[in-house]
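There is one chain below, alone, in structure tokens, taken in the form predicted alone.
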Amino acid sequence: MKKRKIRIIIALFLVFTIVSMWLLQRLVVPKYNKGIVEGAFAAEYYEETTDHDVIFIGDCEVYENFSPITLWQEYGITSYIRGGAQQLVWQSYYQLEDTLRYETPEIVVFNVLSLKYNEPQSESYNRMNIDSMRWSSSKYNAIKASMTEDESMIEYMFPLLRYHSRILDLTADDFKYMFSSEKVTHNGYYMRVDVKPEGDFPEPDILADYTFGENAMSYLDKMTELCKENGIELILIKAPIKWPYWYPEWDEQMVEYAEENDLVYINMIELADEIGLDYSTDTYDAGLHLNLSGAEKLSKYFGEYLVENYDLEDHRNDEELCKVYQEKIDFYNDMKEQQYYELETYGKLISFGAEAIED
């Protein structure tokens, strides 16, 4: 009897310790609900209740430049953006692999700018792209591929080991969002309505070698193969953003790669006039990203291209999907009105979007 009591006490102590450590971990991990919100993007995908015709993957050149709500309203296309700040090509590959655990889209759209990175870059960006992914072999492999020299797998598995020092810098939001968070994107799209005209960009650097790295291209190969294995059309794009500079030599490699692999590649920089973009009104940060006006123009243009070239169904006659998307439209419009109100009242955005990072 005495041994049994001891075992019960030990078991209760272990349970108490595990629960306490888990609660502490939930408290100290970054919440990403205000200021730099990009770290919240990956987790929002898992809240989706419907499948998608189109999945966008990539860096800020997808999540700041395309509006899935516009694609729905104009064409009845269901879409989602699985993008993140400075999302490297291998992170995009594993995000796509992770997506295929839940659905098989008809089209995947990958923005090619991240091919310029051949090696891991930054722990902070890694964390924003990977931490909120659900645990799976895809997340594990994304971590392995992304870790810089000072990072370790154990700190990804147990974030408390990485973030324990934040206990001294906790805010009210750490308690408020300890178990839940407010939505910050619209099917992965990050909204900004403010305007800052395109400025003067510096002269691009002269590179010693314009060839994309072997590691980066190997993951593009993996992405291409994964899409073909699953009967998915892969479209490669370069968003119509002129800085960071997109070298002609890089563009030539993409044209050649697309031809060799029977893929579509679209350089949208060359189509800016056709899209109707005005860089004096359609960007919020001097030309690095489009604002809502620009994103809606680009989405209307690209949506028209998709319906003309692919057999996509117009889902606007589906009552259940219409109910789902009406809630999304309401949230979209509410945020748009809130941001316009902030601009009119304060002369700037004061909500979570005001401190977006530049990747």
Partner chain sequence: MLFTSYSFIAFISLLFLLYYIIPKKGQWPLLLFASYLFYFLCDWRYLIFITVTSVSTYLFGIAIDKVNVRQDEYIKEHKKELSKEDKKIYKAGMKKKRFRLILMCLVLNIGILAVIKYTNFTINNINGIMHAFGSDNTIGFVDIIIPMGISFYTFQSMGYIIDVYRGTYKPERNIFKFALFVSFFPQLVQGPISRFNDLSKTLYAEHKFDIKVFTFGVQRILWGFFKKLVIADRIVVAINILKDNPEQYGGAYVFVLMMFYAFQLYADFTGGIDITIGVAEAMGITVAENFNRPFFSKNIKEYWNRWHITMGTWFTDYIFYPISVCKPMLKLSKASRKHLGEVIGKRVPVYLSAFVVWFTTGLWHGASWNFIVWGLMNFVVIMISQELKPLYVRFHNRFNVDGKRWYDGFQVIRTVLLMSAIRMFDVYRDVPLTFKMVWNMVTDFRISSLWSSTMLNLGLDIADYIILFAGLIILFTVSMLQRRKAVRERLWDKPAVLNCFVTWLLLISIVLFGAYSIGYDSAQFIYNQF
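Computed from a predicted structure; not experimentally measured. Positions refer to the first chain, counted from 1.
Missing here is the form predicted together with the partner chain; even so, the following discussion is about that form.
Judged by heavy atoms within 4.5 Å of the partner chain in the predicted complex, the contact stretch among the candidates 89-97, 164-172, 135-143, 250-258 is 164-172. In summary, among the residues 215, 152, 104, 281, the only one with a non-hydrogen atom within 4.5 Å of the partner chain in the predicted complex is 152. In the predicted complex, at least one heavy atom of residue 10 sits within 4.5 Å of the partner chain. Under a 4.5 angstroms non-hydrogen atom cutoff, the partner chain in the predicted complex has residue 123 among its neighbouring residues.
Although the partner is absent here, residue 340 sits far enough away that none of its heavy atoms falls within 4.5 Å of the partner chain in the predicted complex. Among residues of the shown chain, residue 350 is not one whose heavy atoms approach the partner chain to within 4.5 Å in the predicted complex.
In the predicted complex, the partner chain lies within 4.5 angstroms of at least one heavy atom of each of the following residues of 20-41: 20, 21, 24, in sequence order.
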